[in-house]
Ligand code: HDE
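First, one chain by itself: the form predicted on its own, in structure tokens.
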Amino acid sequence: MSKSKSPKDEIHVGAGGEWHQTAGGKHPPLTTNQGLIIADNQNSLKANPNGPTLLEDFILREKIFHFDHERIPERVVHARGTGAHGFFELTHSLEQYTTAKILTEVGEKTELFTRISTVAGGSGSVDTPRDVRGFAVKFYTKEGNWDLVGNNIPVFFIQDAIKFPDLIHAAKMEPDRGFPQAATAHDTFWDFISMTPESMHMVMWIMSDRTIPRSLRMIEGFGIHSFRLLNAAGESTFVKFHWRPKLGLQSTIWDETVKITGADHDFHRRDMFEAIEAGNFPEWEFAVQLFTEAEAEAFPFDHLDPTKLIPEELVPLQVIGRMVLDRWPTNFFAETEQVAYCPANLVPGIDFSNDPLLQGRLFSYLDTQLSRLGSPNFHQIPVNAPKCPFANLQRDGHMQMAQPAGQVNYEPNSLSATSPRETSTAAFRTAAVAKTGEKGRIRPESFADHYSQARQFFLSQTGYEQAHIASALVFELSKVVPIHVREAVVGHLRNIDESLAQRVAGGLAMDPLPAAPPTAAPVQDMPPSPALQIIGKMKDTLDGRALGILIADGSDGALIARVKKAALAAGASVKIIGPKVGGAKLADGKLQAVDKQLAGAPSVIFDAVAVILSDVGASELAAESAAIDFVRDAFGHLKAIGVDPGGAALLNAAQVPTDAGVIDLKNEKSFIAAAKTRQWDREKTVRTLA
């Protein structure tokens, strides 16, 4: 073989021109799974140079065999996920209510692994569909693993777990055609919804901007169900769990979401990765709602109904801790894909409620992990294994990694002096609940109100958010072919809010309005809850947000530096965008490095943009469609736009009008202030909403 040198590795060129890298220095020898050192990883064993490959090539067979089995069955739901390691720190003790150490030992930091996911799409689908986001946290506590497995929405579509297969079958790709992927805008989903009045509250949430988040770092998380806390005296208190993002809530505009999907399928995963890598660790407050059985009985709804929430104005949230995600997985498959959550994983001091959806989930998650991971020993996978001592007499099974020793694998026994035994101290206890009644397949009458909280949610939104909900319903139902399904859904909307039904019907050219279906319980007028908004809860900050600065040859370097400095000081990340990735020659002749090339960095991936151009640069970019789209989309997506005279010229060429959100960069402070929010008053000038 002839030899040539590369800057990093020694390269040997083979007879066919193929490159071979050899072991040495920090590079260990490449081996088979049995430890056999491999001399050639570029060529299979052949009878002669131009002959057939030989079956005896065990190295080829091992490599291909392992490759053929690299993929495991993906999750039935929540297949597309992003995970990270971190810690939970308790800041306020709940010792009055529970014996759970993770909720009583203030200042203690508990390791955890969090996975946030879409629901409907496959593992290879996009990050940004209109969809619920799963929000699952595995706490590695001193007393065992606690899995808090919820969503970014506090309610669900159905009241009983027996309907879960029907819901998911309806939401997934239609079985006769295999599409649409990761979308609810199709016949079967809305047909199911039209026949399931209990889903109406959830429909309001999924049609809101909650399901098109700007970042996974800017979503809330909810345990959904009521759980019980048990104290040392055996007394129980109901609890609901909440996660609130430190960066505040923020969503995107629907047209923006669609374009993000085309620009970057991995937008949310990349955003999380880059934030952690930069040391901007995502953080959430952990809060609880605590209430007694007597208080629950006085609620105007049944808290055991998973289609209902408890308004924060009725039971205020108490912040008791925080979660910080500070480490990306070293291997995505080993951790994010193989992590197995189960709502049945609790610790002493926490117990279940009789929520019928929760009761079904206790079985379903364990069952699906067995199917997906192929063995009852999946708890031995490092990301799933408890970090506290654990011991039992369960043995063997596929892929058993432990090696239990001794004669005894049963209990009770008299033959072992060291086998694990039951103990009444520090053990899991079930809440003592006295309930009577007749066994049967019957739903409680207290679950019959399907519209009151849906109405409350809609009326609690700002006017902009109400318009987004109505427009989302028009978009989705416009994709539904059967007219009777559209009419049925609009009929349900009449029980929620007549004006909403009229707006959606108008967007569908539906006249006259269909009749509303009869209600099983009177629809209540519950007081609006501002806590249900997004816009009203957005923080006045650039922390965690991104600014894109578009430049070209001849741009003003001093202005670029000044705007970048101001944005960084406000907490934003900054990317310089140019026509060429190699950089741009500034007005002073210096070369300005560019972070992203214009065609690959549309304005949809930024929260605000600045356009700093010379007259020549503006003229050249005016003939570039990517530049025209950059400023048009930024304006259409209600973002602040900072401009110098050249930037203003590009906006003029793109026929982008000026308003209060288009700001002269002579005053970068005003631009930075505007960049912290969307220009909501602009929306009525750029699109027609229902």
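Keep in mind it's a predicted model, so treat the numbers as computed, not measured. A residue's number is simply how far along the shown sequence it sits, counting from 1.
Note that the form predicted in complex with this ligand isn't included here; everything after this is about it.
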item	value
Option from 93-101, 417-425, 474-482, 74-82 whose residues, in the predicted complex, bring a heavy atom within 4.5 Å of this ligand	74-82
Residue (of F87, F164, F281, W254) lying close to this ligand in the predicted complex, criterion heavy atoms within 4.5 Å	F164
Heavy atom within 4.5 Å of this ligand in the predicted complex - residue from G321, G223, P311, P245	G223
Contact at S460, Q466 and W680 by this ligand in the predicted complex, all three, heavy atom at most 4.5 Å	no
Non-hydrogen atom contact F273 with this ligand in the predicted complex at 4.5 angstroms	no
This ligand contact at R115 in the predicted complex, heavy atom, 4.5 Å	yes
Interface membership of R228, this ligand in the predicted complex, 4.5 Å heavy atom rule	no
Partner contact for F447 in the predicted complex: this ligand, 4.5 angstroms, heavy atom	no
Stretch 142-165: residues contacting this ligand in the predicted complex, 4.5 Å heavy atom cut-off	V149, G150, N151, F156, A161, F164
